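Take a look at this single chain in structure tokens; it is the form predicted alone.
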Amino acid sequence: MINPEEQSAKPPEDMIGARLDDEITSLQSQISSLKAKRNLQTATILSSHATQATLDRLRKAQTQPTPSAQADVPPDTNPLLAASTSQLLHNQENLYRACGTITTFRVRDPDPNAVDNGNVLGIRVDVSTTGKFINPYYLLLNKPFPDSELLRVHRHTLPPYIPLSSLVEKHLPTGKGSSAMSAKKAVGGKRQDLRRLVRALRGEIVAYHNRITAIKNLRKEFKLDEKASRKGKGREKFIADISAADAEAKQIRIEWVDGKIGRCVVDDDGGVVKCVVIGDEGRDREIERAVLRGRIEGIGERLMEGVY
């Protein structure tokens, strides 16, 4: 017969499993961090001028036919030279995408019945967030009207939360009275401006990703994505959830542990323009004023001022 005291002394299986999960998660995080550091250090070393000068000498020695020059080349330099070439191409691509955030190209529509003989103008928009480039967005335009320079959207890869329709209506109208992209504007017509359209489009994309990143940082700041077994460590949590309340992430929903619910409205520049917080006793004006004092990135710090 099992002694009740001995049975109570044994840790429950769920506690042991939770500890193992925490250890596995911690080890995986450490492995990911070490891999990221190794990749960063490798890229830094391969991109340095001293390393490039040494590798250039090795490349020249490999191309020289004299036996003395070949003897000075170590036998295991080929992988290093290949890694250096790959790193240089990667650096060049990143530099191009960082400086030339908007690029144009020409493609042809394979449809035999396509307008303008299938000629299509492509626009590529590159955006980076949290130190990484995301998949580029593409906008394809064609000329649907004969003997006219008017452009129309042919295809695009933009998500629905980017207001492309309103931007096109404003900067690229094709309706009655619209004029082509020239210096002269027709009387009573709207002039197409492709440059303003692309600039406004990229601004919307960058603003959206900045808002999404800010929401993710807020969740990380309040440790909302940690496992339930790890909760309770450190400071007591007073925020239950932070999330985007609409597709464009211009409205943020904040839920407190004590039941209060708030909603903030953010403008295109990331500033908090409106905020409503309602609890069991009505609106909490103090929290609303605190949230309204700055940008979306500082919401967490302003909320903590009244708690810690």
Partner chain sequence: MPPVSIPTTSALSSAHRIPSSHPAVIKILSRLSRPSLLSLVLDWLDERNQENTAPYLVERRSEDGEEDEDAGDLYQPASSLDALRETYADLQSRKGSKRDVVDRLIEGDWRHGISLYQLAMADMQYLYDHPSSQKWSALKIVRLTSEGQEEEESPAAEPRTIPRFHPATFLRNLQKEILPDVKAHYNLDRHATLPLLLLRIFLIESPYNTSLVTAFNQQTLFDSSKTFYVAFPDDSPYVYVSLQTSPPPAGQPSSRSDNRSLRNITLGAIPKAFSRPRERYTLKPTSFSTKNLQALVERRGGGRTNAAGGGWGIYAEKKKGGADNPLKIQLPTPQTSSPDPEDTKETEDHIPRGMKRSMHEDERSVKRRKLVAQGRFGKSAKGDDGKGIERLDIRFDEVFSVSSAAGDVENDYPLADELGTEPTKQKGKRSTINLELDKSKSDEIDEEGFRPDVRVTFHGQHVFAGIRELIEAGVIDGEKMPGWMTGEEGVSVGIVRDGRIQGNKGSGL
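Rigid core (definition): largest C-alpha set, two forms, superposition within 1.5 Å. Predicted model only: the values in this text are computed from it and were never measured. Residue numbers count along the first chain shown, from 1.
The same protein has a further form, the form predicted together with the partner chain, not shown here; the description that follows concerns it.
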(message) in the predicted complex, does every one of N39, N94 and A98 come within 4.5 Å of the partner chain, counting any heavy atom?
(response) yes
(request) Could you spot which one of S148, T104, T157, T213 gets a heavy atom to within 4.5 Å of the partner chain in the predicted complex? (result) T157
(request) Could you check which residue among A240, V276, A61, A247 gets a heavy atom within 4.5 Å of the partner chain in the predicted complex? (result) A247
(message) So in the predicted complex, is the partner chain close enough to T44 to count as touching (4.5 Å, heavy atoms)?
(response) yes
(message) Residue-level contact is defined here as any heavy atom of the residue lying within 4.5 Å of the partner chain in the predicted complex; does Q52 satisfy this criterion?
(response) no
(request) Report yes if any heavy atom of P79 sits within 4.5 Å of a heavy atom of the partner chain in the predicted complex; otherwise report no. (result) no
(message) in the predicted complex, does E226 come within 4.5 Å of the partner chain, counting heavy atoms only?
(response) no
(request) Output the sequence-ordered list of residues from 88 to 114 with at least one heavy atom within 4.5 Å of the partner chain in the predicted complex. (result) H90, N91, N94, R97, A98, F105, V107, D109, P110, D111, P112, N113, A114
(request) Classify D111 as shifted (yes) or not shifted (no) between the shown form and the other one, where shifted means its C-alpha moves by 2 Å or more with the rigid core superposed. (result) no
(request) Please say whether, between the shown form and the other one, the C-alpha of D21 moves by 2 Å or more once the core is aligned. (result) yes
(message) Superposing on the rigid core, is the Cα displacement of N91 between the shown form and the other one 2 Å or more?
(response) yes
(request) Work out whether the Cα atoms of S29 and I296 come closer together or move farther apart in the predicted complex than they are in this form, the change being 3 angstroms or more. (result) farther
(message) Given that the shift is 3 Å or more, do the Cα atoms of H90 and I123 end up closer or farther apart in the predicted complex than in this form?
(response) closer
